[in-house]
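Just the one chain here, the form predicted on its own, laid out as structure tokens.
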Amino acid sequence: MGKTLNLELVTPARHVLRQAVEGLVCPGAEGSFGVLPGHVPMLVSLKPGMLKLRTGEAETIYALGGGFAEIGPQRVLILADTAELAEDIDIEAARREKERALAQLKKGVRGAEMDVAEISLKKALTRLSVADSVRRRKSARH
């Protein structure tokens, strides 16, 4: 059994990442879960949340917009709605997205419009949370 997993992270817009990682933590629909080499095969639904990748001492963090993960003993394929490297998150854009979604929900939208607004709100809150978490970690180190 190898000491790494081959990870692929793909969105509808682009192939985000292909690299070997020692482990990762995914935002599963039923709760976050860790994956190490030798993991039992499974297919899981992902919710908007933080994806943490570990390679040696380095940790890389992405904000995921939900999706699916196919997990095997040596390979993980993540098909995400969106994936954004934590350091690349535009905080002001995420705040504007949050405000737009809240405004839509306050207007009392129904049906598909409400679903879109709720998903947009969850994604914006995830982006803000991930960016804040990384910012706090960096300031704690200095």
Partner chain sequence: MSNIRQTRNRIKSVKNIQQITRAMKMVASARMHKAQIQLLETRPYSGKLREMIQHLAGHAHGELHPLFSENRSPRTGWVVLTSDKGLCAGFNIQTLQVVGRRLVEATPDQDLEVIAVGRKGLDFFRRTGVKPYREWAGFWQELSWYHADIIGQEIIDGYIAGQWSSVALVYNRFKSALAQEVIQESLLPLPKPARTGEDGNHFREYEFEPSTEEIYASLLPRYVKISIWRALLESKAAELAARMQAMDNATESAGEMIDDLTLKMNRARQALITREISELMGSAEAVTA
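Positions refer to the first chain, counted from 1. Note that the structure is predicted; figures quoted are calculated from it, not measured.
Missing here is the form predicted together with the partner chain; even so, the following discussion is about that form.
A.B. asks: Is the gap between E30 and the partner chain in the predicted complex 4.5 Å or less for some heavy atom pair?
C.D. replies: Answer yes; at least one heavy atom of E30 falls within 4.5 Å of the partner chain in the predicted complex.
A.B. asks: State yes or no: in the predicted complex, is some non-hydrogen atom of D90 no more than 4.5 angstroms from a non-hydrogen atom of the partner chain?
C.D. replies: Flag for D90 set to no.
A.B. asks: Consider G34 of the chain shown here, and say whether it contacts the partner chain in the predicted complex, taking contact as heavy atoms within 4.5 Å.
C.D. replies: G34 lies outside the contact set for the partner chain.
A.B. asks: Taking heavy atoms only, is S45 within 4.5 angstroms of the partner chain in the predicted complex?
C.D. replies: Yes, S45 is a contact residue.
A.B. asks: Could you tell me which one of L85, L102, L79, V109 places a heavy atom within 4.5 Å of the partner chain in the predicted complex?
C.D. replies: Result of the distance check: L79.
A.B. asks: So which bits of 52-69 sit within 4.5 Å of the partner chain in the predicted complex, heavy atoms only?
C.D. replies: The stretch touches the partner through G67, F68, A69.
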